[in-house]
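Shown here is one chain on its own, the form predicted alone, set out as structure tokens.
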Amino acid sequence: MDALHISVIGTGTLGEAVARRLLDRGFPVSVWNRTHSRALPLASAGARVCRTPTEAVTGADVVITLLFDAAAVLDVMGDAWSGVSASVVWMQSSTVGVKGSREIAELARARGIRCVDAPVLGTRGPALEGTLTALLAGADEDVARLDPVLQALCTHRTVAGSAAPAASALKLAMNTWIAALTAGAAQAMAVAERLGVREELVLDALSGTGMTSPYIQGKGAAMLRQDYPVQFSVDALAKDLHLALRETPGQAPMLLTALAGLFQEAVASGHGADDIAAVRESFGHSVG
């Protein structure tokens, strides 16, 4: 059986890594990115780099969208379907929130496209290694069609429901968890520094407990270096936290509001394009 032809729409930090992983696993891959130059390095890895989304989806068996937000997905994909086959499945993996996911599902229905709500947990490194977690909501037969792609990209799947926006709702909850872990580590290190304790001792003390994780140790090491190569950008997480706030009226918002404020402060201080570990800068540093 021939490998599925995959179209990756959006080759930012995660999309570029997803495309590389699929190419490494032998899939024919077409890619498109709004800033064309960001997609060009994938040509040397074997991707067909396209000038338009329509060109990229033409002939594809699976279309994966990894764009910044719902507005971008709706704008880019609204008119991109003229060349698709009746069997194409749209794996919508952008983080778009509940309202956005519903709007995208309606677009798919209007175009006669089978769509799976399928955001992922994980950043560039896990994407390259094929160790992402897929959050899935879609018809069983559509999810089954994605199985070869999911096997290449993911080591775990969580089925959130049978239709959008269940997986997108779960993704907002999980990104809130990621924000809390990252900001919690930053706060602990800031407290240690202010009290005259070396920040690295926070990570050392955690390493002997059940409270640590490779994630915390990795983000903490970046905070110590004050060097934040992007895996998951501050801009993107700040957007997701504001989505979570807007889409959960009536809940006690104290922690979520604080998290949104911390990451927005990191954006305002020039760290929007940096990794989310840069939230450490929102707590300041002791002088002397």
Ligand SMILES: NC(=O)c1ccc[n+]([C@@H]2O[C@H](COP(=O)([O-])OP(=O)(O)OC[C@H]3O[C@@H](n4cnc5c(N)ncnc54)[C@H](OP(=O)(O)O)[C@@H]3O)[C@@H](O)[C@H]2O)c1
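Quick caveat, the model's predicted, so the values are computed rather than measured. Start at 1 with the first residue shown and count on from there.
Although not depicted, the form predicted in complex with the named molecule is the subject of the following passage.
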item: Proximity to the named molecule in the predicted complex (heavy atom, within 4.5 Å), stretch among 41-49, 22-30, 228-236, 252-260; value: 228-236
item: 4.5 angstroms heavy atom contact with the named molecule in the predicted complex for residue 61; value: no
item: The named molecule contact at residue 13 in the predicted complex, heavy atom, 4.5 Å; value: yes
item: Partner contact for residue 176 in the predicted complex: the named molecule, 4.5 angstroms, heavy atom; value: no
item: is_contact(residue 94, the named molecule) in the predicted complex, heavy atom dist at most 4.5 Å; value: yes
item: Option touching the named molecule, based on a heavy atom within 4.5 Å in the predicted complex, out of 72, 159, 191, 139; value: 72
item: Interface residue in the predicted complex among 185, 98, 143, 76, criterion: non-hydrogen atom within 4.5 angstroms of the named molecule; value: 76
item: Within 185-217, the residues that have a heavy atom no more than 4.5 Å from the named molecule in the predicted complex; value: none
